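Consider the single chain below, provided in structure tokens and representing the form predicted on its own.
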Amino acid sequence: MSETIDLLLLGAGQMITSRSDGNGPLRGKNLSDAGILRDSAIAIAGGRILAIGKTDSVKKEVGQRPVSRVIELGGRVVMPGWVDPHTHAVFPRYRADEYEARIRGDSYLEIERRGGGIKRTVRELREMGEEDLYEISRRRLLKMIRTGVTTIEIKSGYGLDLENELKMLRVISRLAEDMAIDIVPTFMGAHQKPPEFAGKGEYVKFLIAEVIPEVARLGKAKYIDVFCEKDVFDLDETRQILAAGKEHGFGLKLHADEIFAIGGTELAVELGAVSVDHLTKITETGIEALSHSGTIGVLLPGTSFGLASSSFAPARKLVSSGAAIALATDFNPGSAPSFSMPLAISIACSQMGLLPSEAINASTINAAYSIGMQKEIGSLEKGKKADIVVYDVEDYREIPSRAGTDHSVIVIKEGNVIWEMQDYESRSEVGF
């Protein structure tokens, strides 16, 4: 019997494929090539893309095979599902009062020094039971899916002791099993230093001697991340922690150059980290190092927005230098409480100077590279997972330009429709 086509998408007005040449993430001028196909279609079988191209061509390739479901796209935009490669999506509750405090003039570090920020979330997470933490996080992910996210990375880092870091990692693992999206777990016990470790270097020793080995033994994380920042973890401490993580088989990531430039980007490149994230204060030396490396700079426009800051990572300089960049939400309870990738794209375009095509590629194929999943996701290509979002717009540039409106109407993960807006055609402006 002929192979059954599980899902056939016909008549896309614009199909954003975000294809790379397979030799690494898109850089420089190539970042603006979204690989747009017009009047196009996709045939899906076994959760993977079986055929993609012009509608007539895909129909011919499908031939007489049985088709389980056909979706007529009516000229709408189709693109890969968003890949969000930097989130802190498992947490107890939001810190909305700190948003107001920042507008009044309080800095991120001032709020931290009086017990707010990460330290506050640590206290709240330690008090919350594992079942409640799981359930509130699950509900957040359901909302994220509706925006078109099909893969996310989630970090620990609000436990800061063995018991609660493992609690977070167990929740992340359960979410990965239960949710209809891919979830990449990252251990970030080096997110902040907890108050019970007052001595210099004591917490770093604890992480290296006790926590990292146990996390590795349990197999609950793919990456290890460190907040390399003034008054958090300095360069030497960061190097020690990442060296221990590498020894135990973790891929390396860094939070760096967010508030002060202390050489975190250069260290990330030196150690061969898969990504270095934030980069709001990256120096020319850091840009130069990144541009000649395989490390991807993950930029977080929603963080500057959430911090009520006018300082954004120098995206145009990074692209012009040849550095590889990705975009993410940094979704967290305080500095970036928005999980919307479309909003992050809008901010990246209007405030950081990225073209819509650059921002979309940075949030799909390049984001997939930044979590080591580029062979499976991030672009619409034959053989890859059929992770797809349909947008109720005629031009992909409407996604960032019409900010504040969620235009997604169908979200597909591995060939399964995991969310669909009911009766969207009756309210659509497409086709007039």
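Since the structure is predicted, the reported quantities are computational estimates derived from the model, not experimental observations. Residue positions are given as counts along the sequence shown, with the first one as 1.
Another form exists, predicted in complex with a small molecule; not displayed. Remarks below refer to it.
Peer 1: Where does the small molecule sit in the model of the complex: which of 168 to 176, 288 to 296, 324 to 332, 138 to 146, heavy atoms within 4.5 Å?
Peer 2: Looking at the other structure, the answer is 324 to 332.
Peer 1: Is residue 305 close to the small molecule in the model of the complex, meaning a heavy atom pair under 4.5 Å apart or at it?
Peer 2: Contact check for residue 305: no, nothing within 4.5 Å of the small molecule in the model of the complex.
Peer 1: Taking any heavy atom pair closer than or equal to 4.5 Å as contact, tell me whether residue 248 reaches the small molecule in the model of the complex.
Peer 2: Residue 248: no, not in contact with the small molecule in the model of the complex.
Peer 1: Even though the small molecule is not shown here, does residue 187 get within 4.5 Å of it in the model of the complex, heavy atoms only?
Peer 2: The answer is no: residue 187 has no heavy atom within 4.5 Å of the small molecule.
Peer 1: At 4.5 Å between heavy atoms, is residue 220 in contact with the small molecule in the model of the complex?
Peer 2: No, residue 220 stays farther than 4.5 Å from the small molecule in the model of the complex.
Peer 1: To verify the annotation, which of these, 125, 354, 118, 273, has a non-hydrogen atom within 4.5 Å of the small molecule in the model of the complex?
Peer 2: Only one listed residue qualifies here, and that residue is 118.
Peer 1: So which of 182, 266, 358, 258 reaches within 4.5 angstroms of the small molecule in the model of the complex, heavy atom to heavy atom?
Peer 2: Among 182, 266, 358, 258, a heavy atom within 4.5 Å of the small molecule in the model of the complex occurs only for 258.
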